[in-house]
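Okay, so here's just one chain, in structure tokens, the form predicted on its own.
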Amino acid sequence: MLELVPITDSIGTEVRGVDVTGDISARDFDRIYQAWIDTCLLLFRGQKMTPEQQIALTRRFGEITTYTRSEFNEPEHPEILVLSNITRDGKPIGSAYSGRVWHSDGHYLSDPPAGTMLYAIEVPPEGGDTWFANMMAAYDALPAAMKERIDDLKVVISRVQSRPYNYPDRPAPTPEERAAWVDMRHPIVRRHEVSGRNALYSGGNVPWRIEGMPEAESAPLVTFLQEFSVQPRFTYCHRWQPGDILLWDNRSAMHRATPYDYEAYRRLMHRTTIAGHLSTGSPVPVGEAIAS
């Protein structure tokens, strides 16, 4: 029997009594889907599914999309991105690490993905956790004066600017990357197209520029919103177990990964992504892009 159990008071629902590879009735699925919209995050434990079954499950929530690191797509199922430190024939089969800072997947796109599903096949005994933050709850908790101040503001998301913050060990962006990584404007208050609720969309660690605002005013405002939104009362840290499936809503949640010992332990996870259908961003003219 389907059971929906809150993970914390502020974020997440554990879905119990369901075999995701079986026949989930339309009525049960509607309840599961609504829990995803309402609480940002779904957890299914003790599951075992093939790539085909993961693709089918993902499609019940929306259209599948792929947008990054195609070299690590599962060879026979390009809808699946492999996250792993395992190597075969001397080559990595997946991306070993990413997302160590708070972020929403695909926020540098004009139409960011609606959701992300991650299925754990092998996990290390320690480390490799994932943190989540409810950006709707964070927005709701803001003082009324702050809500009014940010209501119509747009934030400029720049992959070029984010490189030294997110990946200080990697080289600076190449000229080709700079040309391809167009800065993107997004509303700093994102209205969820399904629930109608507002969520903060300010990212997690880069002092993004707010359109039309001096940097001396913009950077402290963005930093305040970022730090406010990841207070313990809005967050949850997930300790992975083999067979876990997490589905999070990128329209209302941020997340970040934690490190693990890549040399000592294996990790293998399959990721699928649900497309967004409401464009929230617009490119920034080249002359206005942030230099870095």
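None of these values were measured; they are calculated from a predicted model. When you see a residue number, it is the position in the sequence shown, counting from 1.
If you look for the form predicted together with a small molecule, you will not find it shown, but the lines that follow are about it.
- Looking at residue 118, you'd find a heavy atom of it within 4.5 angstroms of the small molecule in the predicted bound form.
- In the predicted bound form, the small molecule sits within 4.5 Å of a heavy atom of residue 98.
- Although the partner is absent here, residue 130 lies within 4.5 Å of the small molecule in the predicted bound form, judged by heavy atoms.
- Taking the partner from elsewhere, residue 210 is found to have every heavy atom lying beyond 4.5 Å of the small molecule in the predicted bound form.
- Picking from 58-66, 250-258, 227-235, 42-50 the stretch near the small molecule in the predicted bound form, with a 4.5 Å limit on heavy atoms, gives 250-258.
- Taking the partner from elsewhere, no residue among 154, 159 and 191 has a non-hydrogen atom within 4.5 angstroms of the small molecule in the predicted bound form.
- Of the residues 83, 184, 150, 137, just one reaches the small molecule in the predicted bound form with a heavy atom at 4.5 Å or closer; this is 83.
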